[in-house]
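The data below hold one chain only, encoded as structure tokens and taken in the form predicted alone.
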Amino acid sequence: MTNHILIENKINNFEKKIQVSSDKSISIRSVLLASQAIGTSKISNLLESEDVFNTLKTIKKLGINYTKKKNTYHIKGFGVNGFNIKKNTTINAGNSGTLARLILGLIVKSKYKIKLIGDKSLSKRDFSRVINPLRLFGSNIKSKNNLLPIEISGTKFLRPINYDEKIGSAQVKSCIILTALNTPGVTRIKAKISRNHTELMLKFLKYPIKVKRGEKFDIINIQGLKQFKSFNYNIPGDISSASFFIVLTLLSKKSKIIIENVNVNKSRTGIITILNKMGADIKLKNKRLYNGEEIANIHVKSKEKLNAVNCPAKLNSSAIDEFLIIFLVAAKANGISKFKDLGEMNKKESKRLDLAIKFLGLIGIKVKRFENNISIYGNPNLILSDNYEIKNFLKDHRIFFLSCITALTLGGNWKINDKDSINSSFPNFLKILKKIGAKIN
């Protein structure tokens, strides 16, 4: 069975209304928190991707049962530290950095040693960012060179910590928050602004967490060892998934799209802010609050003329997963777009900043790089007509998505490998593209 697709035609103009896949960040967090609640939680519209399936397999391995009825997962939890952990347990997080880092916070009291492993890509990612604070809590954790595999042995003697989180990583912050649930006393985090789904979900669950928002940092206080009840949650659409259809519409001719029921949490909408600065026409309509999260329909129209942007670094954390597709818009924009302090992109599933520069070079776009700052020399007349093959891009799902949108908007004959990579985050991606009118073989 082939693991590649062929795209040989640009997409025709379209006017569509779609729904993208459910929010991956919220899907993983809702499963993990349901495993710590008392009673049976009901989660509807859960993203059915490899990362989320690995999260479900993980809680089952730790003694938490679940069933699926129609579109709803029923997860029966036994409270904070309510796992039933057996000897010689190994957890495989697959490709999910979110699962790998967050689950460590929930198993710090295990009476048996647990081994955490992941796939080839995840095994190259830096875990020092969670290992260091976990050791401050008193956790017994072993790792060679701060990489997977990790062995963690539980302790009854956890102590609350004060931690200064300077990276702007929601995974690090959430790992510390979940460890604090198991820890007596008040844990305090000064955290550089990043996505805040964990805090919002705990507030929705009436857990004693206090967040004081500053301009660059949040001050978070978590009271440990408190229980919370089971809950119902309907997962909204994922803005990371929506971003590819936003740009598809923006760069296509005479097209419009409405993407319904998308999570537009301000810590995630950097792409909309940046693209509107470039002259896009992206509007959020029918905005409403759901369990602390902001949901809206995203309305996008084609735009013939787009301008370069000098992107403020303060928007980085709210667009970190979307910069690949933002760079494609910069490639078509008039002028030189500048982005700075993008080192965090190289801490993702692949070294995305490095691969982005390689990809832009492949399609004939000049890029200048100085450390983690880049300048993209836009070409508003960019049209592709050559043959392109995307391979050796480390099976990164977002590189696959980027390649598809490039082929459908700029032209050329494309062979795009590693189709299976989409299963980690957005299995319906190609199906929705075809529904809009894309010709994909």
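We number the residues from 1 along the sequence you see. Remember, it's a predicted structure, so these values are computed and weren't measured experimentally.
Keep in mind that the form predicted together with a small molecule is not shown, yet the notes after this line are about it.
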Heavy atom within 4.5 Å of the small molecule in the model of the complex, from candidates 92, 110, 302, 98, belongs to 98
Among 324, 309, 170, 248, just one has a heavy atom within 4.5 Å of the small molecule in the model of the complex, namely 170
- Query: How about residue 314: is it within 4.5 Å of the small molecule in the model of the complex, going by heavy atoms?
  - Reply: no
Check: Can you check whether residue 332 is within 4.5 Å of the small molecule in the model of the complex, heavy atom basis?
Finding: no
Taking the small molecule as it sits in the model of the complex, is residue 129 in contact with it (heavy atom to heavy atom, 4.5 Å or less)? yes
Is there a heavy atom of residue 320 no more than 4.5 Å from a heavy atom of the small molecule in the model of the complex? yes
Only one of 293-301, 170-178, 250-258, 211-219 sits within 4.5 Å of the small molecule in the model of the complex by heavy atom distance, namely 170-178
